[in-house]
Structure formats: structure tokens, C-alpha cells
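As C-alpha cells, the next two blocks hold two forms of the same chain, structure 1 and structure 2.
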Structure 1
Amino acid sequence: MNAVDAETALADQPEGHKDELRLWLRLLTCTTLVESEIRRRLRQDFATTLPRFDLLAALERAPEGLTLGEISRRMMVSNGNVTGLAARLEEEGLIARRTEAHDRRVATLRLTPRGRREFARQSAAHEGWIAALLGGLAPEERAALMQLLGRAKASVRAALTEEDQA
């Protein structure tokens, strides 16, 4: 949090704070509603979970495989988290792991053929679910929302960067 900005905002427009809070709560509600439904369907229809699905999705986009560290960055979760997820998925035969010869600290994951098949099924269904949930928005509403969320993302990232430098 930038101290000057926060002070200024507090002094000048205490009402603005409430606005931002309400915006955040609504953002969170939307995400939670969609996410809960996706989790529920993944469990019900495929007996799997969202983190498993996300990990497979990351690997699907990288046919040459990904290291655990890259996956943890892309999924925005901790290293230890990926360790456990990968262990379960490997045990289920959906991914394969290989330690790299040129740097034996590094482990690379990739989809097995079965993992690829399984993810293809899940992914198609997932796309349909999302389309149905957000289908009530007109295309131009979706475009406007996309743009504004881009602005929001930039705002958050900028605030986080400032904080790092402070």
C-alpha cells in the first residue's frame, strides 16, 4: 500500500473506500459462485478436483513439459503444493515425471496419453459449463467486462509492485 495514496484517499473521500470494498466483495462473489459450481461438476462428472484440472491444463498447453517451479508460477500456488498434486496425478497415471540430466534438481512433468485423453474430455465439458454460466451476458458486455478486469488487474499488479519496492 502506497502510504501517500492511502492517506490522500482516506482524507479526501472516505466514501470511496466503501465503494472499493463493495466492488471487491462483488468480484469475490462472482468468482466464488462460478468456482463452486465448477468444483462441484468436476467432482460429480469426473471425480476430480479443480487443482488437478488446472495442473493438467497447464501441461496440455506445454507439450514439451513443464518443471514443477514453472507450474507453481503459472498456477500461482506454492511449490510444496505442486509437489503433492503431482504425486497424486502421477500415481493415477495421468502425468509422467522425469528428472533432467543437465540439472538434477529439476523435475519435468508432462501428460501421459491417458492424461491427455482424460483432460480432453474434462476440458470440453468445462468450456461448456463456463459458457452456460456466463452466457447471460451480451457479447458487448463480456467485452467491456474483459477490458475493465484488465484495468483492475493492472491496478492490483501496480500496487503490488510499488509495495515490493517500498
Structure 2
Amino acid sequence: MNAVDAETALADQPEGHKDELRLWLRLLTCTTLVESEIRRRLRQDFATTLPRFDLLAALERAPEGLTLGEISRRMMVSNGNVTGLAARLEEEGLIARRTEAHDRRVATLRLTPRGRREFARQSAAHEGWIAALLGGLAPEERAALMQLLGRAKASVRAALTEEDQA
């Protein structure tokens, strides 16, 4: 028996449900479906996890390196989560830690050459998976969706700004 997602469960509800709620549930359902499949494929094809992939991706985008605090902010997780992940990736030779001369308590993490090669393999597969999962959309549909999601993102940010000012 297939589990029913929240969006599908609401499909037969009376019209009193707000469009905004239904939109939120559709976004959440799409995100959950894609993320679950990416997690499964990373585990199956690379014996890795999405948080490990995300940490390598953050370092790939910052060749000068990042501190644990910068990584935790970018990944939106606690420093403790990043510390454990970083330690395991360092043991595997995928990242290197350098203590800063100006403050011995601060460490900068960088990808090693081996880490760059491994991330390149994983990210190429990841790109293909995303293309396959979203391949049912025509190019003009993807463009329209990107534009609409950009407007949705701006709407959320504006609402958060208004709340901060209240």
C-alpha cells in the first residue's frame, strides 16, 4: 500500500482550504520526493549520504576554504553536525583541515585533490539524476517554474522582513 502525502490527502477536501496551504504542500511533496530519491541514489551508487555530499559541495564552491561555522550556516545545521561529518571526511582523505595562524581555535576546511575528484564523480551523477527526475518538464515549463518560484521566494522574504519590522 502506498503512503499518501499531505497534498494528496487534501485533494478531496472541501474548497475551504486555502490555495496557499495547498501550494505549500505541493512544494513540500515535490521537494520530499526528489530529496528521498537523491538520498537513495547517493547511498546506492556512492555509499554516501546527502549531508556528506552537501559538505563537499560547499567546499567545492569555496576553493579558499570555509570554517566549520561558515559551513554550518551554509548547510543550515549545527556546528556539532558539521564537526562529526568533517572529522570522518578528513579521516577518508577527502578534506584537509588547516588551523589559522591568527587564531589556533579556528580551522579552515578545504577539499583535497582526492576530495575534488570524488565530488566531481558524485556531482556529475547528481546532475544527471536531477535532469532525469525533472526531465518530464519542457524547457519553457522549467523556465516558467523558475520564474514563479523566484517570485514565491521573494514573497516569503518580504513577509519575513515585514514580521521583523513589526
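Note that this is a predicted model, so its numbers are computed, not measured. We call the rigid core whatever largest set of C-alpha positions still superposes within 1.5 Å between the two forms. The first residue in the sequence of structure 1 is number 1, and each one after it adds one.
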property	result
Number assigned to the form predicted on its own in this pair	2
After superposing on the core, C-alpha shift for Val77 between structure 1 and structure 2 in angstrom	2.4
